[in-house]
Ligand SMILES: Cc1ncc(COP(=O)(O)O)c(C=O)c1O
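Given as structure tokens, the chain that follows is alone and in the form predicted on its own.
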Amino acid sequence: MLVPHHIENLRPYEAGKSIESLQAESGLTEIYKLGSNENPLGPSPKVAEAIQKTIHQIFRYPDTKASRLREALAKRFKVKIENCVVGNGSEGIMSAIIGTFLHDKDEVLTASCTFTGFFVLTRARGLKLNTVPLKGFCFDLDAMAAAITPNTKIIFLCNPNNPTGTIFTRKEFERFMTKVPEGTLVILDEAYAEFALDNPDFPDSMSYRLDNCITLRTFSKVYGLAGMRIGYGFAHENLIQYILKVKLPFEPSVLAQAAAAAALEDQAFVEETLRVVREGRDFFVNSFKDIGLRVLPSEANFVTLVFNSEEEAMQIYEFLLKKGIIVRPLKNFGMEEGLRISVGKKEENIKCIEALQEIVKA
């Protein structure tokens, strides 16, 4: 009786299978985790140094303004510190945005197959969430523009999209923005942007200055800090000042702030990550095609396979688990026939291909 109807029926975010859970279930000791889009190289060595230097400060509350990190972000992206916000992952900032700007009959618009964490955050507030199907496994921005209503307050775009790895282009984005009302906010989730910036068609949101857009990025992927839970965002200073009123005061943690600042300084590590991911991604795409599997074009650090049915996808998933290889089924994303496979180290990628070759032959 105490729980609102929308919470009682809320489907929580479901993370991918962990190494520990598969070990407990199977008894396997050699496991390859290719299901959560983590950095195959781990974090920069500079991160470990920063954590060691900061560990004695964990009895102190974090800097509520995260001044050092926000200044570093402002310098890197050539904006003012007033344009920057950080939080417990990009999801933490999403939650603050929803709490800041949405109320009463406000509605949210996004694609039917995209980052499910945003669905959970929106529905947990009892808000109306409208979705538009993907077109060719990509955001259909023309259809989304047509779906905007007078109550549409926030539009959520994920580029590259999770879980498909596809992008909408610069031309498509610019046409879309001409159709978005000034009073409607556009959240651009660019968690995988670094992997796509070499594509001239990718609309890097930081190359625009749009007053009703909020860019969200993360230290979880290319910087290898998924376990630290730290994300960052950029927007007009008027928007940021309101988000900072709602955001939890002591996030991110002392260690997370120090780790992120150190990671941001090590661009050589970022470049090495990009090299490893792009080589591994090309290897996956070519190998999947050689095997005869349908693979989507990807601009992220993962690739997505499309099978004939959910049953076939789950058969492949279960077979890979028996081989100690964790990938991500996509039913919870609304893509029952899909499997998402993260790019790992070279030897991990080879193990995955060998296992898929075995089941396809069988």
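Worth saying up front: this structure is predicted, and the values here are computed from it rather than measured. Sequential numbering from 1, following the sequence displayed.
What comes next is about the form predicted together with the ligand, which does not appear here.
Engineer: If we take heavy atoms and a 4.5 Å cut-off, which stretch out of 240-248, 87-95, 287-295, 171-179 is in contact with the ligand in the predicted complex?
Structural biologist: Contact-bearing stretch, as computed: 87-95.
Engineer: The ligand in the predicted complex: within 4.5 Å of a heavy atom of each of 119, 130 and 152?
Structural biologist: Judged in the predicted complex, none of 119, 130 and 152 sits within 4.5 Å of the ligand.
Engineer: Only one of 257, 220, 215, 110 gets a heavy atom within 4.5 Å of the ligand in the predicted complex. Which one?
Structural biologist: Partner contact (heavy atom, 4.5 Å) among the options: 220.
Engineer: Going by heavy atom distances of 4.5 angstroms or less, which of 139, 192, 202, 269 would be at the interface with the ligand in the predicted complex?
Structural biologist: Of the listed residues, the single hit is 192.
Engineer: Quick one: does residue 162 come within 4.5 Å of the ligand in the predicted complex, counting heavy atoms only?
Structural biologist: Contact with the ligand, yes.
Engineer: In the predicted complex, does residue 158 come within 4.5 Å of the ligand, counting heavy atoms only?
Structural biologist: Yes - in the predicted complex, heavy atoms of residue 158 and the ligand come within 4.5 Å of each other.
Engineer: Quick one: does residue 115 come within 4.5 Å of the ligand in the predicted complex, counting heavy atoms only?
Structural biologist: Yes, residue 115 sits close enough to the ligand in the predicted complex that at least one of its heavy atoms falls within 4.5 Å.
Engineer: Please run the contact check for residue 229 against the ligand in the predicted complex: heavy atoms, 4.5 angstroms, yes or no?
Structural biologist: Because a heavy atom of residue 229 falls inside 4.5 Å of the ligand in the predicted complex, the answer is yes.
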